[in-house]
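This document starts with one chain, in the form predicted alone, laid out as structure tokens.
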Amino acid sequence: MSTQDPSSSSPSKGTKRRRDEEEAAAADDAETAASESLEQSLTFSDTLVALRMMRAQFPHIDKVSIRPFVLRSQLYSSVVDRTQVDRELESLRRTKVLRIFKLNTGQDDHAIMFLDDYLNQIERAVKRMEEKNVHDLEVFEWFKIHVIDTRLEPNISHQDLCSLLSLGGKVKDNQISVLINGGVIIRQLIDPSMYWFAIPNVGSMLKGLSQGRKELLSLLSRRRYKEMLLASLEKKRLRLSPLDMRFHLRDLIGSGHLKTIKTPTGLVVRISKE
């Protein structure tokens, strides 16, 4: 009886091993990342390195069950070449390392989440629905296996969604409602036959994201020169957002609302001129 050579294991095992190694590397970086100031870790040469660092620095938020996510604008603040960011994000999306989501903020905001974190977030949503005795939860398994694994774009039509789900079993109308209530898809306002893929439970973060942006810009606008040392600003706490100052600074620098200036005393953050 022949035994299988470990080196000839299935591609899925090889992929899992590679992911495990990547996760271990990310975990090693996490402790360092959490202790570094924003000035020490503001720019990177590689998008994946920047993503891992920001994932490690994602704020711990009480009473909200959310896995770390990164905004595209934050990457723009950290990797100088935006074309490189877009190109590398596309490659990571196609190789199923991460997913990109359109956020319902009323602005052109996109969140990036590592695939393993996203699957974990779905599991949390399913557990919450189990506790509420919601039926037809098998549709989430069909969604993970047949939809997420094959549909990498940020949106999907109702017809395509039902077609892919039917590979798992007979699709009922109320199962689509279960997916919507679970937070994994959102119906588009402009075209109700289309859905955005979504991060379960992220809605509670969106109000804080919007209010935190306004609070930070207001804070700087009240300063005499509409600027402040980054090291001092990073230590301040925002009242209206559960996301920390570092998260908002990266976002507003990347979106162009703020800019950084090198000075002898350190980096200064200034409101960009209208």
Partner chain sequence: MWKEIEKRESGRVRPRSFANRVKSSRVASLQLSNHKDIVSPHKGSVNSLQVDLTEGRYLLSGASDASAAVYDVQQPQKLEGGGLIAKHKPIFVIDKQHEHRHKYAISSAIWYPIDTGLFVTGSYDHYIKVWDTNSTQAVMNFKMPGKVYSTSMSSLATSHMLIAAGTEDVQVRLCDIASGAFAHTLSGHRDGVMTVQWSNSSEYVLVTGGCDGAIRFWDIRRAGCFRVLDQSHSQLGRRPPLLERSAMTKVFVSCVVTCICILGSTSRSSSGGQNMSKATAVSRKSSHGNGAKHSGSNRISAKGSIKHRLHPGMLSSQDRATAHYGAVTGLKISEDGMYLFSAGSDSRLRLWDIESGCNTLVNFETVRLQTNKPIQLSVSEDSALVFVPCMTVVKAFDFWSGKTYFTFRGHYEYVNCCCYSALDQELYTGGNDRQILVWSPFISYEADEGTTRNEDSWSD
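Remember, it's a predicted structure, so these values are computed and weren't measured experimentally. Positions refer to the first chain, counted from 1.
What comes next is about the form predicted together with the partner chain, which is not displayed.
- Listed stretches are 77 to 85, 132 to 140, 118 to 126, 168 to 176; the contact stretch with the partner chain in the predicted complex is 77 to 85, by a heavy atom cutoff of 4.5 Å.
- Not one of Asn104, Asp244 and Thr260 places a heavy atom within 4.5 Å of the partner chain in the predicted complex.
- Although the partner is absent from this view, Arg99 stays clear of the partner chain in the predicted complex, with no non-hydrogen atom inside 4.5 angstroms.
- Among heavy atoms of Gly266, none comes within 4.5 Å of the partner chain in the predicted complex.
- Of the heavy atoms in Ser204, none are within 4.5 Å of the partner chain in the predicted complex.
- Taking non-hydrogen atoms only, Arg93 approaches the partner chain to within 4.5 angstroms in the predicted complex.
- Along 118 to 147, no residue reaches a heavy atom to within 4.5 Å of the partner chain in the predicted complex.
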